[in-house]
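As a starting point, one isolated chain is supplied in C-alpha cells, in the form predicted alone.
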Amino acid sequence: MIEALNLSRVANAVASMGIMRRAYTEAKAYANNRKAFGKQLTDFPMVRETLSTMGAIQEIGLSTMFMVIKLMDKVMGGKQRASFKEQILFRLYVAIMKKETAEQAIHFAHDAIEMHGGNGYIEDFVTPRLLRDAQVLTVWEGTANILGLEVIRLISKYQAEELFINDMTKRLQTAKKESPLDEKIIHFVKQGIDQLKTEINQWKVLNPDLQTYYSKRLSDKMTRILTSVIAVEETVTHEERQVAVAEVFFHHSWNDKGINDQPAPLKHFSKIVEY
C-alpha cells in the first residue's frame, strides 16, 4: 500500500508540474500579446520578474521531479536493488515534493490569473480551470499535514534527516567544483543545510505533539535545500541559460530581499522567458 501511495504521489506531483507549466505558458503568451499604457506587458519590470521567476521555479522543479522519478525506477522497478538509504530518501523526496509542487501549482495558477487581469477570472480563458484543478492536488494523496507527519515518521524511525543532510552536503560539494555560480550564491545552500541540522536537533527534544507543529516547516526547509542542490547541479555543464535559471531561482529562494540595480529576474529575462 505504501508503494502504491508513493506512486500516486509522484503522479500527483507530475500533474502539479503540468499545471505549473500550462499556467506559465498562458501567462507568457498573454503578456507577449497584451498592451497596456501604450506598452507591451513584457516591457514592465514587474511582469518580467513574474515570468522569469515562474520560468525558473518550474524548470528546477521539473528537474527535481525527474531525479525523484529516476530514483523511483530503482526503488520500485526491481531491475536494480536499491539500498536502504535510497529507499528512505525516495520516500522523503516524494513527501516533500508532493507538498511543494501542489502548493506551487496554486501559486502559478494565481499568477497566471493576475497576469490576465479580469480576463483571467472568466471561463473564456483556461486560467480559472487551472486554479480549480490545482486546488484539488493539495488534497489528493495526502494533505500538507499528512505529508508533514510522513516526514516526522521517517526522521523518528529511520533517521532520514541524517541521510538527507549527508546526501545534500556530498552532492553540493561535488557540484560546486564544476559550477560557474558565484561562491556567495552556493553558500546560501550550505548555510541552509547547517541551519536545518541545528533546528532538527532542537526539534528532537520537543514533546511529540509540539514536533508535529514544526513538521511542515522542516519539510519546506528540506525542499528548498533539495531544489537548490539540483539547481547547482544543473549548472555544471556551464550552459549559459541554465546558469541564468539557477541565479533567478536562488534570487527568489534565498536572496530576494536586498535592493540592487540589476536584479536577477530582469537581468536574465531574455535568456529564460524569450528562449
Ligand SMILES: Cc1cc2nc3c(=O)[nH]c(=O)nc-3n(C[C@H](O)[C@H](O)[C@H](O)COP(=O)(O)OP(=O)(O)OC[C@H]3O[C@@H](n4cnc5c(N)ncnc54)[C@H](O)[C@@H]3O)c2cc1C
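Please read these numbers as outputs of a predicted model, since none were measured by experiment. In case it trips you up, residue 1 is the first one in the sequence shown, and so on.
We do not show the form predicted together with the named molecule, though everything after this point is about it.
In short, of 132 to 140, 117 to 125, 168 to 176, 187 to 195 it is 132 to 140 that has heavy atoms within 4.5 Å of the named molecule in the model of the complex. In the model of the complex, none of the heavy atoms of Ser83 sits within 4.5 Å of a heavy atom of the named molecule.
Not displayed here, the named molecule is approached by Asn145 to within 4.5 Å at the level of heavy atoms in the model of the complex. Using a 4.5 angstroms threshold between heavy atoms, Leu149 counts as touching the named molecule in the model of the complex.
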